[in-house]
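The chain below stands alone and is given in structure tokens; this is the form predicted alone.
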């Protein structure tokens, strides 16, 4: 440890840190473009210049290591003058197209020019013109004129993804960012360069020109593309998801997320094939009905079967709370045949983030009771018993199980099938009752990733269920639900419900005396009855999640 002084304040820091790292740890912001905590130091933007006592010249904070007794000034007259000069130099050839730039509102150059620059240019000549609308790959578009040559994107491909695909060519003010000859920017993490770019040079082809950052709400969420559970921010305008971006979590995904999760994990929420109301089959066709009618039909039919003729499939796509209440409902009915269908793609995984398990909650589903105690009760055994006529009724939670050919083959043999579905799917072809369930973007809940980290999910898109819950709620609680934001008042609202609420209502009809008013009530019961979750609460899970007690996996489902 060494003692240093920054802007007249003394700090004790580790001796292997650079000035910018030491300042950042102590809440002091030094402006920077090229430096990033997870990339190597390039030192080419020069915006982070600081003054160090007894050094004749200003030094770059990103590449200068601290020493004992070092005295640093980040806003002295010399530093301010040098910073102004650097920004003026960067802006000489930068186009003045903020009004049409996707980065506007979250642009470092825009912010620094306003905060640190002199506000006018002495340059009276034509700017250098460079290529625009260059497709670097399937997902990333480049506006070369905007590039400030920070090299973050190049270093990301080289050091994090280990696929060198980007390079600078030419010299001086004619330097251009491009791909290596004959290559494209097509790695599985290519869109992270958009987040890394401090200006609007690299933009998303999917999100390009869709919205301004100030027109959207940003909600903390969790990616459901695989069992990693990358932390994300979900950006919504008029009740429609427009983009996902990674949210920093040092224990899960650092600063990154894969392109597949970024582009595909939310598309079903906006899709035209959403199930907007409950349905049941009449005269061979599924028709829209009210919630009371659908629940009455489901419960009356289920009661007509013996308990050993009923089975259930939970879902590794659903939250801990949804799966726990399904297990509890089956326990209340005396049904013990319950499992879930795994979705494993061994070929689609890597050592960085992507996992072979393409579901967000297979670990949690097992822990809360959606698992087989013996091979006799496994999902394959359930399929066999449907085939031979022993299982006559099936309850399926938020999973399109008919995508598995061997399951689709036996579903017509069932006498009764009830499913939860947020989108039209293949399993609906065989269903007798369909409950319109909310997607992960429309409900509170928790997921447990492959490492055993429990993470909270929050609703970013409003449904009619939210309007019912919020009606009459005290004003002090409205902000917690985001009711003050336009996302809750504009756009299409679907008549869907969180699966745990649907199950709670069915259980009440079947005589259960459960008392759950909100998702937290279900989670608190899980934490009090399941030793793996002991000590956890919604509050102490926090924004980065909390680890379960892996050594204990005893599950107790209350009747």
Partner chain sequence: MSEFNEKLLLPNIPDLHKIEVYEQNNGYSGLRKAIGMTADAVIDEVKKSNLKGRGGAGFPTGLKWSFMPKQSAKPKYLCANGDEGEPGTFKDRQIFGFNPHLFIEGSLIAAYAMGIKAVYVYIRGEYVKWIKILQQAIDEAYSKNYIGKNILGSQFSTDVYIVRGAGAYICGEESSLMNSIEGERGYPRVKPPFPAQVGLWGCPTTINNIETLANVPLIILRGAEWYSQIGVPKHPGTLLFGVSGHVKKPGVYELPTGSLLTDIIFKHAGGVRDDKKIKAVIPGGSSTKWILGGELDGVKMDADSLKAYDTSIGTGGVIVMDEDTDVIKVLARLTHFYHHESCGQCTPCREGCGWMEKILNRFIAGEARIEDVDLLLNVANNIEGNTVCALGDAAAWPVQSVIKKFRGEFEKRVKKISSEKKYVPPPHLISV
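All of these numbers come straight from a predicted model, not from anything done at the bench. Residue numbers count along the first chain shown, from 1.
Beyond what is shown, the protein has a form predicted together with the partner chain; the following relates to that form.
K.L.:
I need to confirm a contact call. Of 82, 344, 71, 277, which residue comes within 4.5 Å of the partner chain in the model of the complex, counting heavy atoms only?
P.N.:
Contact residue from the list: 82.
K.L.:
Tell me, which of 411, 436, 90, 329 has a heavy atom within 4.5 angstroms of the partner chain in the model of the complex?
P.N.:
Of the candidates 411, 436, 90, 329, 90 is the one lying within 4.5 Å of the partner chain in the model of the complex.
K.L.:
For the three residues 49, 125 and 168, verify that every one has a non-hydrogen atom within 4.5 Å of the partner chain in the model of the complex; reply yes or no.
P.N.:
Yes: 49, 125 and 168 each sit within 4.5 Å of the partner chain in the model of the complex.
K.L.:
Sort through 24 to 32, 527 to 535, 509 to 517, 39 to 47 and report the only stretch with a non-hydrogen atom within 4.5 Å of the partner chain in the model of the complex.
P.N.:
Comparing against the partner chain in the model of the complex, the contact stretch is 39 to 47.
K.L.:
Answer with yes or no whether residue 284 is in contact with the partner chain in the model of the complex, where contact means some heavy atom within 4.5 Å.
P.N.:
No, residue 284 sits far enough from the partner chain in the model of the complex that none of its heavy atoms falls within 4.5 Å.
K.L.:
Indicate whether residue 492 is a 4.5 Å heavy atom neighbour of the partner chain in the model of the complex.
P.N.:
Close contact is absent here: in the model of the complex, residue 492 is far from the partner chain, nothing within 4.5 Å, heavy atoms only.
K.L.:
Contact with the partner chain in the model of the complex for residue 58, defined as at least one heavy atom pair within 4.5 Å: yes or no?
P.N.:
Residue 58 belongs to the contact set for the partner chain.
K.L.:
Given that the partner is absent here, does residue 172 sit within 4.5 Å of the partner chain in the model of the complex, heavy atoms only?
P.N.:
Yes.
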